[in-house]
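In structure tokens, one chain follows: the form predicted alone.
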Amino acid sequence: MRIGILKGNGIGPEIIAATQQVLSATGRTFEWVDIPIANEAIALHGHPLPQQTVDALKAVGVAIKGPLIVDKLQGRLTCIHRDGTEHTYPSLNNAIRRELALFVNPRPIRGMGTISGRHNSLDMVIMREITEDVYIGWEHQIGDIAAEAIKLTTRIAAERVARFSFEFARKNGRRRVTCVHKANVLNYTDGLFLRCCRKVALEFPDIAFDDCMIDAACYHVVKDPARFDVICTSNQYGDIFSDLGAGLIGSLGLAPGANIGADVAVFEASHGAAPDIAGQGIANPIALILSGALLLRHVGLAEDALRVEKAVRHIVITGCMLTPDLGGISTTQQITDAICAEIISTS
């Protein structure tokens, strides 16, 4: 199997290497295809996301991406296509998703023993729509006195992510889909998103459906970890709510993620590049390793994915090997080796 490798910035190369080592421990043979991005791509092609990178990602179909540094108050970039057309995006991450027509960002949040405290029982999957909402970056200055951003919601995008959420719930034995929104204030945009979710819900009578406003959802997920199962929500809410969920289970270092499209899928951790600890050998690789497990499941290797997930959970729950963000003193390599050993011992 060919898997694209995007090393990213900061701790990206370190946790990418760890993920490759763990996936290889399953006994599968992978062809790792290095694909330049960010600084590496700039050095080769003069652009952080050149068409050569986009074409390579489309050719492999699945890829693992390390985190990318996104500077505050900047980061917009323009991608120029082979036909001469161009598009400007608010960030490199956004550009990757939209150049590859990726439309949903699943982010599983699952408690892991005492690390997660009273949220040990938390087990939800946030389905974040990633093609629109304010995160598409349609904004402009109004002189030097104001700035304005456009919040876009379309029926086609809302119904697509809703249908993906319900199909995921049905396929994975999940009991409920909850639409998270703010339709009591944003009657047109979030109202359309909610109406689309309600419409799609009628196609899945075997899956329960409800809705919850984003502020109330933040309250409920803290007070009642069992309240949610599958969350279907828009771009901005999904990004913020998933970080809250990761904090509740103990660390962003435990939160995997994926970006799924019709033909391409890119798997990534939910956390950032952490340049302050890059090169020190103490980065937590678990989120990206779990993202690698999502990749295995995506390509039909569910048993191997389960082996990886069980090994990770065993290492974290027993507390025998933890990186500093989880309260331990282990190195990236030590926890990687421990996970690999656990996979091999249970094969």
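Residues carry their position along the shown sequence, with the first being 1. Predicted model, so just to flag it, every value in this text is computed and none were measured.
There is also a form predicted in complex with adenosine-5'-triphosphate; it is not shown, and the following applies to it.
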Let me test this: is every residue among G8, D34 and I64 within 4.5 Å of adenosine-5'-triphosphate in the predicted complex, going by heavy atom positions?
no
Exactly one stretch in 26-34, 41-49, 280-288, 304-312 has heavy atoms within 4.5 Å of adenosine-5'-triphosphate in the predicted complex; which is it?
280-288
Option touching adenosine-5'-triphosphate, based on a heavy atom within 4.5 Å in the predicted complex, out of H181, H119, H271, R97:
H271
Partner-free chain; cross-checking adenosine-5'-triphosphate in the predicted complex, the single residue of G257, P225, G253, G111 with a heavy atom within 4.5 Å is G253
Using 4.5 Å between non-hydrogen atoms, is D337 touching adenosine-5'-triphosphate in the predicted complex?
no
Would you check, heavy atoms only and a 4.5 Å threshold, whether D276 touches adenosine-5'-triphosphate in the predicted complex?
yes
Could you list which residues of 287-325 come within 4.5 Å of adenosine-5'-triphosphate in the predicted complex, counting heavy atoms only?
D325
